[in-house]
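Heads up, the chain below is alone and in the form predicted alone; it's given as structure tokens.
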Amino acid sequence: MMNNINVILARSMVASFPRVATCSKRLTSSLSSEAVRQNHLFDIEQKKQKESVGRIEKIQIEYEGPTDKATLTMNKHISTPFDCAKHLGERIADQSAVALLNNDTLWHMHKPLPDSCKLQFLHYKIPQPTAVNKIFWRSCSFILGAVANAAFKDTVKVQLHSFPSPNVRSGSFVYDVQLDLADWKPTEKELKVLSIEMIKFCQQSHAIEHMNVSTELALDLFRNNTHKYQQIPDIAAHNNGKITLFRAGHHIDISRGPMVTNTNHLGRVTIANVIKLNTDVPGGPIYRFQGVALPKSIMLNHFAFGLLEERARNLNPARIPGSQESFEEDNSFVAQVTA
């Protein structure tokens, strides 16, 4: 049965679902040669950028917490909000999802600070969490891409296409993926396996790294992904000629961000559905992977989360990829705090 042999199986579930135990590719398996190549390029560029900083300049960071304030002396273009948070205490570092600079600009926690500024940390239980929710949803899509990319046996060609703007009201986070499977309809068991693998990936506590790179490097990095290679020039045109990359573990993807600090921010996760889309993108069918998740700091009873899971099974109404579209990455950059 083809539907039962396409998706990976967690080791602990082999006895329960023997019909899918023949799958060979796992998130825990050795890296593909493409992942090794991409990460090698990322590491070289990351080291190059750190070495290019030159003479270290000091900056003053004025931290403003809910009940306290502090002034930190940090290193320009080197220190990150996460570095600042660690100076202030482990609890602040662990719970902060994103930084807020000068009361108006959201900033990825692992992105170096360019100058002196006022700094706040936003978490999931702030009174107005709209911006944080969007960042969490975007991060879920990013991580879903990592899982989908590694979830199929080697005989199934997988190419990540893109993920649409995060919209919590839509009921699901999304990643659109091209698979050379003519008409795959995942079973409940396969969806459960995907959910477990995403949870396992998150529990590995990967810091979500950030780096801006040149168009040329991005084209080299994604030269074996037809869709992202074609998208890069349009993305760069809307981002001052730069491509913003994020990495979690060995998974690298494009997004202007920001993302949450670490994969361990995700708690409860369900991959609720995978739906074949009606699209004219060449190269094979595009499938929309859909999921729902909660931050680990947010608790919800089983019945209430079940309602969220049921809603997430419906086709997400986000824009469907098309061969003639103008592409602006995930079209979801939250540069300013909005209501």
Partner chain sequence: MNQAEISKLVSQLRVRVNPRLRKLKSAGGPEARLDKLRKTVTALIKHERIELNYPRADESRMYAERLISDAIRYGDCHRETMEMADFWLIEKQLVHKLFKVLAPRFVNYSTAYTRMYTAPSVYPEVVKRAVLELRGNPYPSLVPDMHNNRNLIHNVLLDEAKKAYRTQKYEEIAAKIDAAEKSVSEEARK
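This structure is a prediction, so every number in the text was calculated from the model and none was measured. Residue numbers count along the first chain shown, from 1.
This protein has a second form, the form predicted together with the partner chain, left out of what is shown; the following refers to that one.
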Contacting member of Pro164, Pro186, Gly171, Pro112, with respect to the partner chain in the model of the complex [4.5 Å, heavy atom]: Gly171
Sole residue of Leu294, Ala272, Ile286, Ile61 within 4.5 Å of the partner chain in the model of the complex, by heavy atom: Leu294
Note: the partner chain not shown here; in the model of the complex, the stretch from 133-141, 259-267, 98-106, 70-78 having heavy atoms within 4.5 Å of it is 133-141
Residue contact check: Ala237 to the partner chain in the model of the complex, 4.5 Å heavy atom: no
4.5 angstroms heavy atom contact with the partner chain in the model of the complex for Val53: no
Please check if Ala304 has a heavy atom lying within 4.5 Å of any heavy atom of the partner chain in the model of the complex. yes
May I ask you to state whether Leu41 is within 4.5 Å of the partner chain in the model of the complex, using heavy atom distances? no
Residues from 89-127 in contact with the partner chain (non-hydrogen atom within 4.5 Å) in the model of the complex: Tyr124, Lys125, Ile126, Pro127
